[in-house]
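Following this are structure 1 and structure 2, which are two forms of one protein chain, each written alone as structure tokens.
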Structure 1
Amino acid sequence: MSDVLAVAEHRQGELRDVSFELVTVGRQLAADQGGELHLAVIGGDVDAFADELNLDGVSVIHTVDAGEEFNHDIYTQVTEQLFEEIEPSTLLLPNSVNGLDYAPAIASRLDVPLVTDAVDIARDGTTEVTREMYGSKVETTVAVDDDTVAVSIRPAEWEATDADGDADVVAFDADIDESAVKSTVTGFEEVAGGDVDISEAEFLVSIGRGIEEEDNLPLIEELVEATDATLSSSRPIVDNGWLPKNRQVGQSGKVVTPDVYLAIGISGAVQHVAGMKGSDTIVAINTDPNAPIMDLADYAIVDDLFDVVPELIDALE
């Protein structure tokens, strides 16, 4: 009961960064408890993934040859069976769209408590999971007084592990009940405009709901051009269909680490901050001096963006 089981994540033939971060968290937890870190790789090119994930601190990698892409029903069944075989104290999943899709199902089937969106975990008898609330203004520590716990970890919160290891790679023969597989992946479609990778940008001009309407986009685009920056946004802009999904910064968007992040009319909700807090210099333009983004900003302009942005453009020209 001192082992840790973590489930890797991949998409379109590539492991996602969070898989390497899971190793960092998992090996620390396992070491603290004198246990081992088991990693599960479900579906896709499992042997190649196992090679990549054979990292320092991983004891066993369980490969499960079960389809190409993530499938809720298969991941749920396989993870449940692995959990029952290994009997770990902690099940670690990514706090990603996929991870959150099946974490509650597994927790319910195994009857273990689930704590989501962890930014820190400590285990010493009880498990203490740190989460952020109210736009990162408050940290809460959830103490789980149970022998076993499932935790989903927030991506980009831990350093990825990259040092080589010598894990045993073992094929796990999962017993998939096909009649319980109710969902099928029928294809994968890249969102139009996938040519821009905001995670590579050095200077991001990022807009939020403060810009009010799509007709105000050209004003921002003028600033983007004048500063030779890349345009990104908070989620409401994407939800409104004003910018494509690949421009979204945040927990369900991209994690960015530019030299400069200029947040215009963005409040700084925790899900947004999760994607941009690693920026070197953060500048905020916001009418609200108490917006959570102000706690992060290195420089802040407390004013109406419709006054500030034209003045900035004028100054730059």
Structure 2
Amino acid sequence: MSDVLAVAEHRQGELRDVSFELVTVGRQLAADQGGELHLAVIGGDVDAFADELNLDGVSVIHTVDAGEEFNHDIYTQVTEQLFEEIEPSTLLLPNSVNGLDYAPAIASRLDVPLVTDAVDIARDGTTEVTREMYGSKVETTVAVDDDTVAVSIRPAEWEATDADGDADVVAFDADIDESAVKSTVTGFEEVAGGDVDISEAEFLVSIGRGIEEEDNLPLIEELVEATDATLSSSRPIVDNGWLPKNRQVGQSGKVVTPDVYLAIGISGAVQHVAGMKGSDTIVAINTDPNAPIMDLADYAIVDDLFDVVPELIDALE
């Protein structure tokens, strides 16, 4: 029981970024134990997904042709059957809406402990899972006293694996009990204001309480247009009703991983940082050189945003 089984996630025909992070976590755990990483792809275009996930460190990819989108009952049955066949020491799932939907059911059916929202995992005989508490202000390590464990990992906490691999791709013939499938996916609909998905943006211009008032939004929107970026924000902007909820980055908003994250007037509270620290390049504009965002930024401009932003717009035009 030294192998690892990870279940990939997809939505509307595309793999979610967390699927590639699962490979990073899984291959490290498997290597530490001298085992293999097994990856499961359930539903959708499984052959295309398997091609994308044939990455360094993956030993076997199990494809299961079972519907187009996530279904709680099917994912639960398939994952349980794969687990019983592979007998891994660790089951890895995304700590996402879908992952958290079926993770407890899997853990209950398999009678294994479940630790959610992991930001780090180590296994050396005993599995130790690190989690954050109290708004990410405190880290705790949970030691699991069991030979097997299920863990859901927080997205954007690990680098995604992208190096090519040579995994075996095997079609898994799951025995689906149709009488136990009590739910059906009839469609996919974004919540109100879902015209923009900031989690998919490559360049985010994000604003915080430093913009002072709603009347200053047009200035930021002018910069967004000049840079062909997408506008996002920290929580105070949404709480004030200046932007819709789907634009919020952070622990109670969305996790984003853009190529560039331009933080304007954002102090960098831990709740906000939890949602954007996976950005490739972080640029901060803030008058306070000691603001927490400055410790995270690759580039920092210590100045008044109302002076800097017009200068940036002029330079771009």
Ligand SMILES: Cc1cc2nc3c(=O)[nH]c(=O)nc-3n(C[C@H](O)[C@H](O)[C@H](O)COP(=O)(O)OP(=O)(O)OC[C@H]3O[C@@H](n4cnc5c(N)ncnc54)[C@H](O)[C@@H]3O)c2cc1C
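Throughout, residue numbering runs from 1 along the sequence of structure 1. Heads up, when I say rigid core I mean the largest set of C-alphas that superpose within 1.5 Å between the two forms. Because the structure is a prediction, the values reported are computed rather than measured.
Trainee: For this pair of chain forms, which number matches the form predicted alone?
Mentor: Between the two, the form predicted alone is shown as structure 2, not structure 1.
Trainee: Aligning on the rigid core, do we see the C-alpha of Ala291 shift 2 angstroms or more between structure 1 and structure 2?
Mentor: It does shift by 2 Å or more.
Trainee: Cα of Leu39 displaced 2 Å or more between structure 1 and structure 2, core superposed?
Mentor: Stays below the 2 Å threshold, so no.
Trainee: After superposing the rigid core, is the C-alpha displacement of Val224 2 Å or more between structure 1 and structure 2?
Mentor: Shift at Val224: 2 Å or more after core fit.
Trainee: Core superposed first, then measure: what is the displacement of the CA of Gly250 between structure 1 and structure 2, in Å?
Mentor: Its C-alpha moves by 3.4 Å once the cores are overlaid.
Trainee: With the two forms matched on the core, what distance in Å separates the two CA positions of His272 between structure 1 and structure 2?
Mentor: On core superposition, this C-alpha lies 5.0 Å from its counterpart.
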